[in-house]
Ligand SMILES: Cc1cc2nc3c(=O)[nH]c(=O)nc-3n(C[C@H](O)[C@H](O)[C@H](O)COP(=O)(O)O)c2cc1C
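So this first bit is one chain, no partners, the form predicted on its own, shown in structure tokens.
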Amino acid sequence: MIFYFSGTGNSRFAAMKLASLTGDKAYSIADIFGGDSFKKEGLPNVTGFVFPVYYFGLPEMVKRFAVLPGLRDLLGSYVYCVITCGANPAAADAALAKALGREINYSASLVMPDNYVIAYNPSGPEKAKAALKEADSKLEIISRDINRRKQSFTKKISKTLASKALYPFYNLFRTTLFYYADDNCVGCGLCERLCPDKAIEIKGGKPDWMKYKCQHCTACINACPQKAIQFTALTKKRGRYYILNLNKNKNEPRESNDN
């Protein structure tokens, strides 16, 4: 089984590709938390985790999933993780191993298009396409490693220190306080449907962030077809990035990365 968490689609893209190349089955962690059931299908004795790195650590939902009672009983004898990132995953793999309470046999990082519009301008169309093409090639290599049950996990003090220094800021900054919808909002409800935290409700024709904190996956702000969702006024002039849609939901945009 492959468990993945994805906001703008990078990790979903990687998980689906790996499932196809290894003959495995991919399950969304957010959907599982949302009540979806899953069967223990896919590769026998192999468990994969695919997720983005947030502040050099785990997304909150991945961390909560990893410590769920009963999950350890589902883990195969070979456990791997693929971490999608803009540059450096630091010690996010070690954080996953600690949460699972067991060693990770294989860890790989996968550079994907930038998407954290809250802090910077996401990758534009051409840069994003180039990054996805390169990631697609690397996933071929990663899948061969997994099929061979390659052992590859190394701890580095520098990576551990980087994660310990930066990760505490994730919990501090993942507030919804500064999210809002401007006058371009048409009340389509896409943000509400995409939010893995179920933190958004459409009220009076506009999204209302019901929870004080969320994953900060930026699915809502990046996928909005009207570019109506903002996180302070700083995001108004920034582009958006939402990967090619892999679901068959006609209400979801196929792409949203125009600058």
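Small disclaimer: the values here were computed from a predicted structure and weren't measured. Sequential numbering from 1, following the sequence displayed.
Missing here is the form predicted in complex with the ligand; even so, the following discussion is about that form.
Interface membership of residue 112, the ligand in the model of the complex, 4.5 Å heavy atom rule: Yes, residue 112 is a contact residue.
Exercise: residue 217 in contact with the ligand in the model of the complex, heavy atom 4.5 Å: Output for residue 217 is yes: heavy atoms within 4.5 Å of the ligand.
Any non-hydrogen atom of residue 53 within 4.5 angstroms of the ligand in the model of the complex: Taking the distances in the model of the complex, the answer for residue 53 is yes, it comes within 4.5 Å of the ligand.
Contact flag, residue 160 vs the ligand in the model of the complex, heavy atom cut 4.5 Å: Heavy-atom contact with the ligand at 4.5 Å: absent for residue 160.
Selected contact from 171, 147, 121, 88, since only one has a non-hydrogen atom within 4.5 angstroms of the ligand in the model of the complex: So the residue touching the ligand in the model of the complex, by this definition, is 88.
Contact stretch among 138-146, 152-160, 79-87, 94-102 - heavy atom within 4.5 Å of the ligand in the model of the complex: Residues of 79-87 come within 4.5 Å of the partner.
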